[in-house]
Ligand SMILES: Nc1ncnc2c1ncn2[C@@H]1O[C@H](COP(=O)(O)OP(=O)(O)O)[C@@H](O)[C@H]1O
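Encoded as structure tokens, the following chain is the form predicted alone, with no partner shown.
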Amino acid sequence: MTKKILYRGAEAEILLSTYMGRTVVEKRRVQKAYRIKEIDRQLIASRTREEAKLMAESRRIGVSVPLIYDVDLFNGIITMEYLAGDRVKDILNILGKQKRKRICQKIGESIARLHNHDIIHGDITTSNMILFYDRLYFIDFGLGCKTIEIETKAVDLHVLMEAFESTHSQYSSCFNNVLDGYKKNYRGDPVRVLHTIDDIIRRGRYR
């Protein structure tokens, strides 16, 4: 099978490929010509390792992510399961009210599970979620990290709130369903997280 580019971004290319007879996705980090070659390789290896670790830990705690088949630190490639599902971004606006509500609650539940273990996704948008056989998968942990900071957890949710307002503006209230799922499953104090989101919004408004 000839490799097919599914997406090309500033930091990585996403390719459809094969691995041991399976159709897979390769996430290949892009080398930066402006960086010293050795430093660039170290950064690529470090970020590839961190993303793979976050994905593996997310799966262990019950958040659905693609299976990882291979990690090539030297070339910055993660080979993972291909999910022939739908991006939530592409289907959320056409779903029935009850299914849309259920999916949004599932999103909140999954984010809470991540935050319970101090995992920050870093780019939670409906573009980075796939619905496959009625299961919600999170993809692209490239900007992720681990931290106990409430502010960073609030930023994670704020990114999603802005995604709802821009991509799903007619259903922006669905973010409340996300928060319902989050509050029911977050083991910390969800009120602190929500207050911090409000602070982030105010800082952005008066900057």
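Residue indices: 1-based, along the sequence shown. Remember, it's a predicted structure, so these values are computed and weren't measured experimentally.
The protein also exists as the form predicted in complex with the ligand; that form is not presented, and the subsequent description refers to it.
- For the options L160, L179, I139, I44, the one in contact with the ligand in the model of the complex, meaning a heavy atom within 4.5 Å, is I139.
- Checking L92, M80, L131, I77 against the ligand in the model of the complex, a heavy atom within 4.5 Å turns up for just one residue: M80.
- Within 4.5 Å of any heavy atom of the ligand in the model of the complex lies no heavy atom of V193.
- At the 4.5 Å threshold, heavy atoms of P66 reach the ligand in the model of the complex.
- Proximity of R113 to the ligand in the model of the complex falls outside the 4.5 Å heavy atom cutoff.
- Under a 4.5 angstroms non-hydrogen atom cutoff, the ligand in the model of the complex lacks H117 among its neighbouring residues.
- In the model of the complex, the ligand lies within 4.5 angstroms of at least one heavy atom of each of the following residues of 7-42: Y7, G9, A10, E11, A12, I14, V25, K27, in sequence order.
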